[in-house]
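Shown below, as C-alpha cells, is a lone chain in the form predicted alone; questions about how it binds or moves come after it.
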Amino acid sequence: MTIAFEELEGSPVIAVGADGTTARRVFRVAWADWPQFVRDLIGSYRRAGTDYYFIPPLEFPGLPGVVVSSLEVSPFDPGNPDGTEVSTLTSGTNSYPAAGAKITADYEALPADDEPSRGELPATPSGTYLTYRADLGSEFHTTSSRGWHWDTAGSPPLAPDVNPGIVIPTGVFRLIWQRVVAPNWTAIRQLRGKVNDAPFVGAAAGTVLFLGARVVRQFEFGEGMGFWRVEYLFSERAIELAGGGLAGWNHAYKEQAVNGEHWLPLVDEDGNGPYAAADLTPLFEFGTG
C-alpha cells in the first residue's frame, strides 16, 4: 500500500564531509499512517519457514547507498491533540488526526560493497553490511636468561635475574555487522576462544583468535521489527619464522632454538594445541532461533 505524504518546506538538507554524506528529510503523513511509513523507510525482514526475505530501506533520491539512520515522529500541530484513547498510562496516547504526523528522517551513507580493507571480508546475507576496523598493539613476552648470553668476548652468560623481554607486534580488529535480523547465538558461544582453521580476513590459519561479540538492538520498533548490530572482536598474533611461515596462537617461545626456530608449536599429551581451530564463517550467517 502506498502511503500519501508530503515533504515539508526546508527539506531536504544534505551535508557532504570527510566522513561521508548525510542528509535530512522532513515529511507529513496522516497520523494513523506513521508506523507503516517508518517501516517503509528503515526496511525490514520477513520470515517464511527457515528463510528470511529482505525488504530494503528506501534510499535518498539520487544518492545511492544513503539510507535512514534515525527517525523522529512528532505531532504536526502539537496544540490540537485528541486524547480519547488516554484513560490510563497504558491504554494509549494522544493522537493528532486533524493535522497528522511530522516525521524527521536522518540519512547516512552505507559502506560501499567494495570498501577497501585488508583481505576479503566474510560473505554476509543480502541487506546486511559489514565493516572492518583495526587497532595496532603489542605483546611483551619475558624470556628466561638460560637461552641468552652477552655478545662480547668470552660470551658470558646472563645472570639468573636478567630476563630479556621481546615485544611482539599484535593487532585487534573488529568486524561490525549491521542490520542483522537474527544473530547466530550458537556460533558465538561455540566459537569464542577458537582460532581460524583457514585464512580469515587476509590472516593465515591459526593467527586469529575470536574473543567474543557485543550485540545490541538496532531500529527496534514494534513486534517483529528491528535489527541487531553485532560487533565481533578478534586478536591477531602472527610472528614471522626464520624458516618462513608464521607462528600463531598455538606457538610458544623456546629458549633453545630447534633448527633455528624459537617459536614452536605447543601441544598437550594428546597432540592438541592450547586453542582449538574452527571455521569462523558461521558467525556471519543468520541464526535459526
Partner chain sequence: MPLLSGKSGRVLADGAALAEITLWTFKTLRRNVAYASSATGGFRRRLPGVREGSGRFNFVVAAANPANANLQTGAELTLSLCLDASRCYTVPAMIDSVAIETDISGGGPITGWAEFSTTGAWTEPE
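What you are looking at is a predicted structure, and each value in this text was computed from that prediction instead of being measured. Numbering follows the first chain given and starts at 1.
The form predicted in complex with the partner chain exists for this protein as well; it is not shown, and the discussion that follows is about that form.
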property: Partner-proximal stretch of 95-103, 143-151, 198-206, 121-129 relative to the partner chain in the predicted bound form, 4.5 angstroms, heavy atom; result: 95-103
property: Residue among His262, Arg229, His251, Arg28 with a heavy atom within 4.5 Å of the partner chain in the predicted bound form; result: Arg28
property: Among the candidates Thr186, Asn163, Ser138, Asn80, the residue which, in the predicted bound form, approaches the partner chain to within 4.5 Å (heavy atoms); result: Asn80
property: Contact test in the predicted bound form: Ile3 vs the partner chain, heavy atoms, 4.5 Å; result: no
property: Phe173 within 4.5 Å of the partner chain in the predicted bound form, heavy atoms; result: no
property: Contact of Asp19 with the partner chain in the predicted bound form (heavy atom, 4.5 Å); result: no
property: Residue contact check: Glu269 to the partner chain in the predicted bound form, 4.5 Å heavy atom; result: no
property: Contact set, 5-40 vs the partner chain in the predicted bound form - heavy atom within 4.5 angstroms; result: Glu6, Glu7, Leu8, Glu9, Arg28
